[in-house]
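First, one chain by itself in structure tokens, the form predicted alone.
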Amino acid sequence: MDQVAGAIADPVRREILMMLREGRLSAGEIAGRFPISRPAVSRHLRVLRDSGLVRDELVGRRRFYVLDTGPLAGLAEWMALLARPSGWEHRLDALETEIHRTRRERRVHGTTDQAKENTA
């Protein structure tokens, strides 16, 4: 998970991943979309490949890169844990729900009781 998080920490690598969402691209096609040198793009591709986020396919003399989102699953699960409320937040949410329910019941029963008193 740390290697995946490190790989997506760089904006150039995130942009490469977004490009590969559309389909496989050659190293040259990827490099042509950046103002940085081809060796720099090659280093970024190596980091992405080492993290498992991209696979490379050799077709003749050309190397194509393909997105592999599998390694993101572990990172996504961990991030979901951060977003999940803690035990206290669950209890406070339940308390708030109970307070609203009790107030609603009092309004309904209070109105009904007042109507009975007025007709008696």
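In this text, all values refer to a predicted model and were calculated from it rather than measured experimentally. One rule holds for the numbers: they count along the sequence shown, beginning at 1.
Below, we refer to the form predicted in complex with the DNA, which is not included among the displayed structures.
- The candidate spot formed by 27, 38 and 46 is fully in contact with the DNA in the model of the complex: every one of the three has a heavy atom within 4.5 Å.
- Heavy atoms of residue 63 reach within 4.5 Å of the DNA in the model of the complex, making it an interface residue.
- Contact annotation for residue 10: at least one heavy atom lies within 4.5 Å of the DNA in the model of the complex.
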